[in-house]
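A lone chain, given as structure tokens: the form predicted alone.
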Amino acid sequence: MNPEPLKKSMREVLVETLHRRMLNNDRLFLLSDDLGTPALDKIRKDFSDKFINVGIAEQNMVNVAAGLALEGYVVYTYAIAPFLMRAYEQIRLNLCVSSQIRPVNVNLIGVGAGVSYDVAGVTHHCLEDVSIMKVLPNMMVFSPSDWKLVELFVDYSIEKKSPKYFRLDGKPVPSIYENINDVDFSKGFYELVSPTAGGGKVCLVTTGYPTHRALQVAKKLPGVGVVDVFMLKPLNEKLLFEALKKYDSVITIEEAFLNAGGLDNLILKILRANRSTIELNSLGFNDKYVFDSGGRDYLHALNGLDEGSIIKTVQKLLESSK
């Protein structure tokens, strides 16, 4: 029997990896908006001159980060994802506009993607971030499905001199990529489950936490493919289409608003650009906030993102293709 995948918090792994890199790289800074985690205490203790707690002031945090980056430093800002939106004007002007003129390596860490802060309620849900961050020129959008991708991305983020948004889950998640060694961040996706020779009927295209659910569905429905899009921008669209054209239908699954510039619109753009006849179905959150109280599974069930609903959607497509 295979052991259960190791669960870890994305934010803890990120901060721990940054601590190790700071031991040999004096260009790294970490800023926090008064948000704490045990891993931060170690950086605060060992690198007090490279850690700044700006207080509950996200706009000021981005301004300070931009100033440090323009002086040649690599900066990471640490905040709860929905509250980072307070600084959207500063992100747009000081990071994205500035980076078109000079290198600006600021890495915005948004913790609590989707509804991972489920019981905290609608104020802590973050379903808009994909849309508003992806639309900004020069902004990279990283949406990992597990902690191992986060660990691997740190070195890439240090060397890639552009603004980036890290869409991190708020809960510990099992590893998916722990034993995968050929991740290519410039490619932007990974085909976790491939169809048998000759192609498949349905492919689940996911980003972030829903990738775990897609893998569970694929285990129960042999022949269903799974593609994890961990880089929503930039993305090698040509290579992604090569992976998708083997299928009759594609289902996008995301913890974000539908038809609002997220994963679904990205895949639709790729299919249209290639004049593809692949049928596209999209699962996500409708155009309204979720005031219902409950855990993540409950919120998913309300919006057709639970395992049972995904299986029904896949089975319906399989039946129609017979």
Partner chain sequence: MDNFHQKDQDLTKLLEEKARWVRKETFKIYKISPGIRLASSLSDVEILVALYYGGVLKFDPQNPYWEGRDRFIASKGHGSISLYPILADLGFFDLKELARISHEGSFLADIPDTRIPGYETINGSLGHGPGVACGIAIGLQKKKSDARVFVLTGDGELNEGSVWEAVMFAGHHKLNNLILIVDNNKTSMLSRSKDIIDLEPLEKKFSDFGWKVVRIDGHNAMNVYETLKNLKEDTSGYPKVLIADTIKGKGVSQLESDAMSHSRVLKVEEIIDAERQLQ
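Positions refer to the first chain, counted from 1. Since we're looking at a predicted model, the values are computed, not measured.
In what follows, reference is made to the form predicted together with the partner chain, a form of this protein that is not presented.
- Among the residues V290, L258, V64, L271, the one placing a heavy atom within 4.5 Å of the partner chain in the model of the complex is V64.
- Scanning E178, D155, E71, D184 against the partner chain in the model of the complex with a 4.5 Å heavy atom cut-off leaves one residue, E71.
- Using a 4.5 angstroms limit between non-hydrogen atoms, S276 is distant from the partner chain in the model of the complex.
- Residue contact with the partner chain in the model of the complex: S131 places no heavy atom within 4.5 Å of it.
- Taking the partner from elsewhere, Q90 is found to have a heavy atom lying within 4.5 Å of the partner chain in the model of the complex.
- Although the partner is absent here, E58 lies within 4.5 Å of the partner chain in the model of the complex, judged by heavy atoms.
- Judged by heavy atoms within 4.5 Å of the partner chain in the model of the complex, the contact stretch among the candidates 234-242, 220-228, 82-90, 169-177 is 82-90.
- Of the residues in 87-111, those that come within 4.5 Å of the partner chain in the model of the complex through at least one heavy atom are, in sequence order, E89, Q90, L93, N94, V97, S98, I101, R102.
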